[in-house]
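Okay, here we've got a single chain as structure tokens, the form predicted on its own, with questions on binding and movement later.
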Amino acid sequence: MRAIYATRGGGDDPLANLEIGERPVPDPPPGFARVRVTASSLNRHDLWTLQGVTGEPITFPRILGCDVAGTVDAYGPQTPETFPPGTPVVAHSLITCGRCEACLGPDETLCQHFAILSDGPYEGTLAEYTLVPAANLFLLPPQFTDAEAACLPTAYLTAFRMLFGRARVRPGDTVLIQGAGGGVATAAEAIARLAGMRVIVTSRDATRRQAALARGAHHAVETGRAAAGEILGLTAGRGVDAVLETVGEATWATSLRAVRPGGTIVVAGATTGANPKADLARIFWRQLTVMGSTMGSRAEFAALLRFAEVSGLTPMVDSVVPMDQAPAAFRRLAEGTALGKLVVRIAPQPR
């Protein structure tokens, strides 16, 4: 089968580690299903793998990709059929042990053996076939194309959990989303608006700010030293109820200053650096909550699909490219020039 994979990790030009070529068709083990992939979206996790930064040790070559939409192809031995072969599906990307205290409790994302597709021992989804735990399969929502559905498992689930599972914001709350235009940021922006929240976004790029306003964001603020003051002015000095932070060092001081006393900052990334000045005095004096967030549970993924159905959520797709053009899409992901999600077309969507 054809696949997009990393030959190694690290080096001066990590994108040079990217290859497109033949890999063996995988046989599903017990508990797994084989999916014939039609679409897979790119995530920053793929860049990390090319850089040699992984959550679990991996072996190379490694097929990249965390997100998949496609059709059920086959099941492993002694595996009940979640859906009949040929059924269009989208897959939850997170894989856990299923036995530890976290897995048996309300939040399996805290499993010590947490991994996602393309991490640890698992190959990724940027291939003609991929293996997924059968329990992770969900019917492809009929309102979505497969390219749109392929955006949901990582970026949109991350945003959904940040808003509702971690910040626990409600309709009428004001949310600050740092880094307008990125995959998680555009997902959070759309979900928050549809849930009745007031949305403020930031970006250093005027085009991205204007695009966010055109999509329905209530305010768009230029990133920089004056950003926090402008956001406080927009909230009559109160500050926002929650900040969704994926940028890191470049926006951290704004996040701390723009959130209201008792508010929450949810961190799910740090693309500009992971070690900003903590400013602990501000955190304890204003009684701020700073919490991390990673991906989301199977139950949260099901809730995201229900939310999409009732709200009319449509994932924002920057472009859909064939496999041969994947290197250029990876380059755009690394440069941060995409507006929304980049999707790779693996096979035609079934009618």
Ligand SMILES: NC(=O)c1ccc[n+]([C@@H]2O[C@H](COP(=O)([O-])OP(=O)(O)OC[C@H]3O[C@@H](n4cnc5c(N)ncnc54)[C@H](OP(=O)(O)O)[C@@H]3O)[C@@H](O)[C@H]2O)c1
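From 1 onward, residues are counted along the sequence shown. Computed from a predicted model, the values in this text were never measured in an experiment.
The same protein also exists as the form predicted in complex with the ligand; that form is not shown, yet it is the one meant from here on.
K.L.:
Name the stretch, out of 138-146, 164-172, 183-191, 80-88, where some heavy atom lies within 4.5 Å of the ligand in the model of the complex.
P.N.:
Stretch 183-191 is the one.
K.L.:
Answer with one of Ser118, Thr154, Ser255, Thr130: the residue that has a non-hydrogen atom within 4.5 Å of the ligand in the model of the complex.
P.N.:
Comparing distances to the ligand in the model of the complex, the residue within 4.5 Å is Thr154.
K.L.:
I need to confirm a contact call. Of Gln210, Thr109, Thr235, Thr271, which residue comes within 4.5 Å of the ligand in the model of the complex, counting heavy atoms only?
P.N.:
Answer to the contact question: Thr271.
K.L.:
Do Phe307 and the ligand share at least one heavy atom pair within 4.5 Å in the model of the complex?
P.N.:
Result no; Phe307 lies far from the ligand in the model of the complex.
K.L.:
With the cut-off set at 4.5 Å between non-hydrogen atoms, does Arg36 touch the ligand in the model of the complex?
P.N.:
Because no heavy atom of Arg36 falls inside 4.5 Å of the ligand in the model of the complex, the answer is no.
K.L.:
At the 4.5 Å heavy atom threshold, is His113 in contact with the ligand in the model of the complex?
P.N.:
Close contact is absent here: in the model of the complex, His113 is far from the ligand, nothing within 4.5 Å, heavy atoms only.
K.L.:
Thr246 versus the ligand, in the model of the complex: is there a non-hydrogen atom within 4.5 Å?
P.N.:
Yes.
K.L.:
Between 286-316 and the ligand in the model of the complex, list the residues on our side with a heavy atom within 4.5 Å.
P.N.:
Stretch hits, in order: Ser293, Thr294, Met295.
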